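First, one chain by itself in structure tokens, the form predicted alone.
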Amino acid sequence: MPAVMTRIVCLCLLVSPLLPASAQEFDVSITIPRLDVAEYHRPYVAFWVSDESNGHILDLEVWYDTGLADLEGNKWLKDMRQWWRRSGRTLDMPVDGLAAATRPQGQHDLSFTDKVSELEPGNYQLNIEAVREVGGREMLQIPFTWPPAAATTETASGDVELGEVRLVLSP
């Protein structure tokens, strides 16, 4: 092995213990169900983290109709009542990194690892609220502990507007 290569390998072995361990993961899989209705509209969906007393901690993402002229989609955000009362009304949407377009039916995989990296250790809830024009409203909550001590998968299922929501945490 050339001397330069040997030095690089040795340097890597010395530095590797100093590098931080891989970050914890916070991944969400959500299913938007297929509904057999006469007038279908994609749901508006808000994802946020609250503490044990249901106090708002962190917004993760908000799906709404971002493509309407004159930000017309913003006026319907208040229909996600729980999210709106806790956070939405204080925001000037669209917010970079938070606002996203609505999603069609099917399964959608999201990662919020970067957004939750600053959470203090403790017990929290992932909140998912969905509302659909000419449709219903639904809210799910999934309790979790941060940071995760072990790989954990928690699930919740909606009745109409939301299908299965899966929260996967990894240390």
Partner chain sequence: MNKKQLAMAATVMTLCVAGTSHAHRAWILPASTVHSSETPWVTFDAAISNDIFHTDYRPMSLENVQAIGPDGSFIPLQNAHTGKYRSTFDLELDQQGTYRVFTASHGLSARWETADGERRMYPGRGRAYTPEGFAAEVPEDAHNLQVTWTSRRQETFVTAGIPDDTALEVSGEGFEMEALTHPNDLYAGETAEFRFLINGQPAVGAELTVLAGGMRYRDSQDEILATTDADGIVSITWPDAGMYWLEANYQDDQGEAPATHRSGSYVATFEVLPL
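Numbering follows the first chain given and starts at 1. It should be emphasised that the depicted structure is a prediction, and the values quoted were computed from it without experimental measurement.
The protein also exists as the form predicted together with its partner chain; that form is not presented, and the subsequent description refers to it.
Asker: In the predicted bound form, do Thr31, Arg34 and Arg103 all put a heavy atom within 4.5 Å of its partner chain?
Answerer: Result no, not one residue of the spot touches its partner chain.
Asker: Quick one: does Val95 come within 4.5 Å of its partner chain in the predicted bound form, counting heavy atoms only?
Answerer: Contact check for Val95: no, nothing within 4.5 Å of its partner chain in the predicted bound form.
Asker: Flag Arg137 as yes or no: does it have a non-hydrogen atom within 4.5 angstroms of any non-hydrogen atom of its partner chain in the predicted bound form?
Answerer: Yes, Arg137 sits close enough to its partner chain in the predicted bound form that at least one of its heavy atoms falls within 4.5 Å.
Asker: If you apply a 4.5 angstroms heavy atom cut-off, which residues in 73-112 are near its partner chain in the predicted bound form?
Answerer: The stretch touches the partner through Asn74, Lys75, Trp76, Leu77, Lys78, Arg81, Gln82, Trp84, Arg85, Arg89, Thr90, Asp92, Met93.
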